[in-house]
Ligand code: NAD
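A single chain comes next, written as structure tokens; it is the form predicted on its own.
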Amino acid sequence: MKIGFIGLGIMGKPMAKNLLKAGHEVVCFDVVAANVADVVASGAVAAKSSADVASQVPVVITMLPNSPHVKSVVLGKDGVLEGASEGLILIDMSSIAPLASQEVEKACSEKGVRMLDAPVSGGEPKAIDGSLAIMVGGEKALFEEMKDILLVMGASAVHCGPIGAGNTTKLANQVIVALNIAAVAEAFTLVRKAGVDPHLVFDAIKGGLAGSTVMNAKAPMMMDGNFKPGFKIDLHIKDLANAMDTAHSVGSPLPLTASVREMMETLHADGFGGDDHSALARFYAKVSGTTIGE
């Protein structure tokens, strides 16, 4: 199938490449020319704008940083809807506010464009190997129609409900991940301050109830002092802000989320917003005077 892909950052670039590897034709666009060139070198065709992408394909995938970017790319000048014909399918795989997904879908529907919101979890490593977890909102029939395409990029794709449900599910995911990372950083800082080798503690507890995908992925990074971003602190701040806004709108308090968001805001202020979210360990180093790594 000929598929449009808009947004070729840390996540979008490998996702587009996986579509190419699976035999799909990809027409791509990004505001960063080097990202476009990289995907074109793998076999994609470059477009001049988001509207140009939409004019050439039956399906457009967007993978963008936040709600304003999605609104601009889809609804704005030279956006997807300017180039779209009736019947186009838009799959927005960005992590944005659920209400923004609903707003964009309403505008799409008025032009005869069908839409799914389909945010992902797994970070850059899983984007590269095509094993992302994909959470989808929208019409069930449209989900079933697009499921095979989604499974090129992910190991799972689950229909979660009407439009916006995918992003609500992603917000829940991001709350759980953030709190888990903070707990790992807090516990391993305690271990280091108490004079116990965190590597041995990791080996001792990873097979028990404390073990998790989050700990398995992030504890080694903390112990190595390796905060190369798979998912940046600044992006997680954005997700937690969306989670809190959504929670406040439905009357669901998020006191733990608020605390971890403030830790991340501290890291941003200290110049670490571009680090991986495992850099929450830096916050504990700051307040404890002890690093987890050697």
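All residue numbers are counted from 1 along the displayed sequence. Model, not experiment: these values are computed from the prediction.
There is another form of the same protein, the form predicted together with the ligand; it is not shown, and what comes next is about it.
When the ligand is placed as it is in the model of the complex, which of 251-259, 37-45, 225-233, 53-61 ends up with heavy atoms within 4.5 Å of it?
Only one stretch qualifies here: 225-233.
Even though the ligand is not shown here, does V31 get within 4.5 Å of it in the model of the complex, heavy atoms only?
Close contact exists here: in the model of the complex, V31 approaches the ligand to within 4.5 Å, heavy atoms only.
Quick one: is E124 in contact with the ligand in the model of the complex, heavy atoms, 4.5 Å cut-off?
Within the cut-off, so yes.
So in the model of the complex, does any heavy atom of H268 sit within 4.5 Å of the ligand?
Output for H268 is no: heavy atoms all beyond 4.5 Å of the ligand.
Exercise: I6 in contact with the ligand in the model of the complex, heavy atom 4.5 Å
Flag for I6 set to yes.
Candidate from V104, M153, I181, V120 lying within 4.5 Å of the ligand in the model of the complex - any heavy atom
Looking at V104, M153, I181, V120 one by one, just V120 meets the 4.5 Å heavy-atom criterion.
Between L90, A185, I134, V73, only one gets a heavy atom within 4.5 angstroms of the ligand in the model of the complex; which residue is that?
Only one listed residue qualifies here, and that residue is V73.
Would you give me the residues of 236-262 that have any heavy atom within 4.5 Å of the ligand in the model of the complex, in order from first to last?
Going through 236-262 in order - heavy atoms within 4.5 Å of the ligand in the model of the complex - the hits are K238, D239.
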